[in-house]
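Next up: a single chain in structure tokens, the form predicted on its own.
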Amino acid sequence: MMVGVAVYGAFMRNKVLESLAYRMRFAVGIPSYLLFVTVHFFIWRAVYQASPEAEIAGFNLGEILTYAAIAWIVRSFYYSRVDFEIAEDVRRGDVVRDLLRPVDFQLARMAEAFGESAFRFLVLTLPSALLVYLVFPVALPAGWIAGAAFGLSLLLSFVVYFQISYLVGLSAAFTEQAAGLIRAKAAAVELLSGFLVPLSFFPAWAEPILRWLPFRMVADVPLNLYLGRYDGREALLLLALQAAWALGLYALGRLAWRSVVRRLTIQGG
């Protein structure tokens, strides 16, 4: 067991070292994320100033500004290009080398993604968060329980996002070109997860549907836990639902990988 942990730890460490070689790419992301937060800050402020109501869809101005700012901070942690990387390996046939390794392909890729996210957390998420808190009127977590629940939920959101990206990346084995699906996945996650707009802003018929989709686990759940909008029992249920989606998507990913192995054809050999 310890040998297995060490092996996947090596995958994570190698990804950190690889990210270190491109550290300026992450550092440049700090002003970009600050710009995104600034744009959303002024958009939401204008919306609320034009509204006769102090609350819209259950959010007051202070809550929505905090929600929008923390959303970008959360994204800076969980985001990765694992779908594109897997799709390219499958398309080129490089995935055959993974078949020869005595490691689990899915766990190895998740370890690599976590290594990149850990690096992003140190060089992008933390500096961006510090600047956001200094520049904008962003509230801290609604108590230490909300903060702890948010931290755990953030880790689960990373797992859910990875599993979704993993499945999309594997689709290259069936489509031979997954670029369109990767772009569609990115748009779906940003819109349907509550990242760009809280789910309560959606039409009444759409909101209940969106709350049962896995996309919600990526942004809506951690952000609302941060704001303390759920009590202890509701928070535990949401964390359990996140974990259930993470496990369910993981199992689906294993089935998809077996199907890929059966259908994979390597061009030129």
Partner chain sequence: MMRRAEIFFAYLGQLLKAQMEYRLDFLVDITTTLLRQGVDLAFLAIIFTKVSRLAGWSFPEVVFIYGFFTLVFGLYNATFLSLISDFSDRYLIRAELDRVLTRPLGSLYQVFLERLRPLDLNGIVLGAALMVYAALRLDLAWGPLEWALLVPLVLGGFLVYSGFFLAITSINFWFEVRGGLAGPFMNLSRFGRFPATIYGPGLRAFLSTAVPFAFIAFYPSALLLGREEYLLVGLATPAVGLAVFAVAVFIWRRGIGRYQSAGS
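Residue numbers count along the first chain shown, from 1. The model shown is predicted, which means the values in this text are computed figures rather than measured ones.
In what follows, reference is made to the form predicted together with its partner chain, a form of this protein that is not presented.
K.L.:
Tell me, please, which stretch of 224-232, 239-247, 211-219, 40-48 lies within 4.5 angstroms of its partner chain in the predicted bound form when heavy atoms are compared?
P.N.:
Selected range: 40-48.
K.L.:
Is every one of 81, 88 and 174 within 4.5 Å of its partner chain in the predicted bound form, counting heavy atoms?
P.N.:
Not one of the three qualifies.
K.L.:
Given that the partner is absent here, does residue 54 sit within 4.5 Å of its partner chain in the predicted bound form, heavy atoms only?
P.N.:
Heavy-atom contact with its partner chain at 4.5 Å: absent for residue 54.
K.L.:
Is residue 134 one of the residues lying within 4.5 Å of its partner chain in the predicted bound form, judged by heavy atom distances?
P.N.:
No, no contact at 4.5 Å.
K.L.:
Does residue 190 reach its partner chain in the predicted bound form if we count a contact as any heavy atom within 4.5 Å?
P.N.:
Yes, residue 190 lies within 4.5 Å of its partner chain in the predicted bound form.
K.L.:
Decide whether residue 196 counts as a contact residue for its partner chain in the predicted bound form under a heavy atom distance cut-off of 4.5 Å.
P.N.:
Yes, residue 196 is a contact residue.
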